[in-house]
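Below you will find one chain, with nothing else, as structure tokens; this is the form predicted alone, and questions on how it binds or moves follow later.
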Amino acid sequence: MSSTQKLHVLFACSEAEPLAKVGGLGDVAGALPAEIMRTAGEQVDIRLIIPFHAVIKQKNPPVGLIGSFPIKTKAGQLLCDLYVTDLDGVITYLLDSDGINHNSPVYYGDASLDGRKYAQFSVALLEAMRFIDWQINILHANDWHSALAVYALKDLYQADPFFIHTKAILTVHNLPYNGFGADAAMTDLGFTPCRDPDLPDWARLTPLPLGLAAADRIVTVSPGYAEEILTPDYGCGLDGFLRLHQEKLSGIVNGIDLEKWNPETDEYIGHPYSIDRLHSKQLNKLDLQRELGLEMNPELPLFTVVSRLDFQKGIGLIFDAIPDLAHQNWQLVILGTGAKELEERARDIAAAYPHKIISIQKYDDVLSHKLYASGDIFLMPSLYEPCGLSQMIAMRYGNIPVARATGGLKNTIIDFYASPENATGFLFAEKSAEGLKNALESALNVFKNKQIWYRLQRNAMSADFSWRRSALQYLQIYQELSQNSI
């Protein structure tokens, strides 16, 4: 393409905050396209497309109907409606049809229903671009929900002149979720099984593996996770395929919203503070201790957990490790809901140590801000973590993470024992309660030395977790792909 011509990029995702957000994927789609647009200036015209979920309709944002167009199925044509709105300056398309939405949740949690919804979405988003006559240079898909659009370019649209020069990136946020169960919906839309001999047989009609096979570039949400998925422990049966094609695999760490998560301007905390006013952080701790009925003592180290109570998050390791530290002085506040077994264990351990541990089982955005601002030591012992956002937020607030050395955690946290002068937290390698306990003991020992602890806090609060850093890396990939297109 001409060096003076704007690059057309379509960013396809299942959710985007604030329109629809279930997890971290919504944070990414709500922030990254806008940051790419700001960073690229006149070089890139990036647009976002997501389903017109029922939750978006309930919010009733200002939208305009562009029109209707059909997609082909074995039963005939399915009519889709295309709407447009604005999300932080980014042109955002909303796709609607009986199959894509029909007043459905963002995710049913049923493999066949979700398979039908997102298989149709993947085809419809390409047809929508033909409908508005906007030729895309790069399709940027995310996870299995739009991975089939990547495969469709090589399968359904292989000889279609409208898409002949379209390159595709697939960002993998969480490899275990591969869209298994979408095969019936795919067959109905005319997809054929992938004939790539490098793919395992089970993957030949499964959305995420098909997207991986067809993508020109594969990006995970951290370099660490890109390395881990090449191994049997983390590769979900696709590690062999990925090793054969690792030349197109790389990792880019996500960012966080630096305006929302800013201890200097956070409206949810009583005492704003900065690197130069860290003494005010202790006032937030006193407020939280008072609010939760804990002993009011700013010298007591406060552990905090803000997380889904999920086995993947290593929450069980916390419950196994903490009793071995009961003889020491500390407090622990856990905020989150999730697996019933872990919720029960959280209640039990809080009952066993009523003056040390508080478990709050609900979603509370305001309280999460208070915990980040009040805590001294943030626990994140994930068994695996493709990127992780909580550790970056905690560091922004001078809440020092103790985390497992996995995925994005080892890319965003500088371990104290690896580099004491530059450290921003504590990492441990073992998937064990013993590993977590040892790391917590190390953090507690360092906490006693205020000079070293303040250095840790200042290092953590100075780290760059802006979306601009991520945007620049994605822009480089866009430009590389555009230079390789005719």
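A residue's number is simply how far along the shown sequence it sits, counting from 1. Model, not experiment: these values are computed from the prediction.
Just so you know, the form predicted in complex with adenosine-5'-diphosphate (ADP) exists too; it's not on screen, but the next bit is about it.
**Q** Using the partner position in the predicted bound form, report whether residue 313 sits within 4.5 Å of adenosine-5'-diphosphate (ADP), counting heavy atoms only.
**A** Yes.
**Q** May I ask you to state whether residue 308 is within 4.5 Å of adenosine-5'-diphosphate (ADP) in the predicted bound form, using heavy atom distances?
**A** Contact check for residue 308: yes, within 4.5 Å of adenosine-5'-diphosphate (ADP) in the predicted bound form.
**Q** Mark residue 336 yes when one of its heavy atoms lies within 4.5 Å of a heavy atom of adenosine-5'-diphosphate (ADP) in the predicted bound form, and no otherwise.
**A** Yes.
**Q** Indicate whether adenosine-5'-diphosphate (ADP) has at least one heavy atom within 4.5 Å of a heavy atom of residue 268 in the predicted bound form.
**A** Contact check for residue 268: no, nothing within 4.5 Å of adenosine-5'-diphosphate (ADP) in the predicted bound form.
**Q** Which among 162-170, 345-353, 236-244, 385-393 is in contact with adenosine-5'-diphosphate (ADP) in the predicted bound form, heavy atoms within 4.5 angstroms?
**A** Of the options given, it is 385-393.
**Q** Under a 4.5 angstroms heavy atom criterion, identify the one residue in 74, 340, 362, 195 near adenosine-5'-diphosphate (ADP) in the predicted bound form.
**A** Filtering the options by heavy-atom distance leaves 362.
**Q** Between 157, 180, 330, 261, only one gets a heavy atom within 4.5 angstroms of adenosine-5'-diphosphate (ADP) in the predicted bound form; which residue is that?
**A** The residue in contact is 261.
**Q** In sequence order, which positions of 369-385 have a non-hydrogen atom within 4.5 Å of adenosine-5'-diphosphate (ADP) in the predicted bound form?
**A** Heavy-atom contacts within 4.5 Å come from 372, 380, 385.
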